[in-house]
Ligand code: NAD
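In the form predicted alone, a lone chain appears below as structure tokens.
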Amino acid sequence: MHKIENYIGGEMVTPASGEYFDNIEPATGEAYSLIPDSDGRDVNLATDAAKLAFPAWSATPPEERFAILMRLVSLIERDLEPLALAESKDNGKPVSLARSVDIPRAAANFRFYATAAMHLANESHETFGIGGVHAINYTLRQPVGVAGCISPWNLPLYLFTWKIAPAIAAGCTVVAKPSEVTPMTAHLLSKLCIEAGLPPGVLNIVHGTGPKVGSAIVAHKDIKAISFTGGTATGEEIARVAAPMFKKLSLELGGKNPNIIFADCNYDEMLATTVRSSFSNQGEICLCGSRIFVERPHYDQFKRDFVERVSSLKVGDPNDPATDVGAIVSKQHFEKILSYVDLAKTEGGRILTGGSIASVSSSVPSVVPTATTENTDADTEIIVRKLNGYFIEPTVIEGLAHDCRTNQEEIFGPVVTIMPFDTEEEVIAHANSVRYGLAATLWTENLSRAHRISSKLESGIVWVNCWMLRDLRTPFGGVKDSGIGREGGFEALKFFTEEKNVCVRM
């Protein structure tokens, strides 16, 4: 069975422990590769390599960083298909989604920040003090040093590169940990970094569990900044450890996002988008709208049409082009989602569609990654697989109070609730009643209402008459328990730098 390797100091290396654990394919429930069981020793090696590389990399002109990162962009685009296949096999998502969204976005992340680093400007101010003193104050932005980047399993390469790209472009060196649930595309990225000529130690990737690797990264005294995307409970622990060490922190955490639908919306566009915003990537996107509020005059029609659309979604083999909903990422998460469906029933919820384990009886002959050679273009073979993995029917629930546990806690799966509302004040209060504040979606053709409600929603992102329409120049992040700090645009580049004011008397 293929063994994934760590990427430290520009080389592929085995873990210090010599131990590995299984990497499970969600669609089959079977192990198909081995993940390094790394620990603090590997993090120390990676941090030493990053420290050694930092002086030269931080002094490398942005134009030279741009050239290296753009070579990496070209390699990701060249290997779009094997990377998409690997992402689907590792995560359970449809190959079509990985091919059209995840891998192109990974390339876009590097392209954007390679360019943005050349346009990051510093400020200067002409200053006049008491007694005619004349000075120039200017600001230097200098890379913070070694940065720790920890990414989740739901959009593996997409979000891994979302952190790595700005850190490297800003002149930092990185110790990164991909999720141990979905490590394969990070492993393949390591090989592409070598091929692109990224200097040794600029990026170091350590595979392993959160308690062994993630905790060691957060606690390491020489890692000056932590960028983390994941669960709120883990974010709380990271903050507890990092705050006394005065590390810079960017935490993108959980969400329980409202989708607010007014009767004056463009109905057909809303309906199609709401199906997508509810169940894309099996609902395993922090931006999915899991609480759907519908103005009462439209509620019965929406319920009928929405349930009909959701019931027709195909749950199946991620490699089948006709599949809409793939496999849940892991057995543990599969069981968590089903437990919330049971909870909803005890809280008085009515299952309108779904709510059960999906029966996926057969697979299709597919080209799948084997990851057995150095050339990713050759890492495929045609096989027919048995699907005994983790599939759940897309689930729609009604009849729940807005403040019950099902409507307050993050499920992160193909489960949504629908509720009617009567007034703006009511729906705003219900939308804001959760501990989270990551994203919201609002459907209305009333421009004044759109601005009015957007300003009152406790959310880092509000999409009006759309969903997941992202501009990489804009800040991304949440409020309340959905995190601190912002990613995206120049916000991310600035996060990985320290500001220094220089005052020169004329």
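Numbering starts at 1 and runs along the sequence shown. Values in this document were obtained by computation on a predicted structure and should not be read as measured data.
Missing here is the form predicted together with the named molecule; even so, the following discussion is about that form.
The partner is absent here; in the predicted bound form, the one residue of 161, 190, 395, 154 having a heavy atom within 4.5 Å of the named molecule is 154. The contact residue chosen from 172, 327, 260, 238 relative to the named molecule in the predicted bound form is 238, the criterion being a non-hydrogen atom within 4.5 angstroms. The partner is not drawn, yet in the predicted bound form one stretch among 296-304, 227-235, 136-144, 122-130 has residues with heavy atoms inside 4.5 Å of the named molecule: 227-235. Judged against the named molecule in the predicted bound form with a 4.5 angstroms heavy atom cut-off, the residues 5, 72 and 98 are out of contact without exception. In the predicted bound form, none of the heavy atoms of residue 274 sits within 4.5 Å of a heavy atom of the named molecule. In the predicted bound form, none of the heavy atoms of residue 113 sits within 4.5 Å of a heavy atom of the named molecule. A residue is said to contact a partner when one of its heavy atoms sits within 4.5 Å of a partner heavy atom; residue 320 fails this definition for the named molecule in the predicted bound form, lying far away. Among residues of the shown chain, residue 250 is not one whose heavy atoms approach the named molecule to within 4.5 Å in the predicted bound form.
Along 200-217, a non-hydrogen atom within 4.5 Å of the named molecule in the predicted bound form is carried by 209, 210, 211, 214, 215, in order along the sequence.
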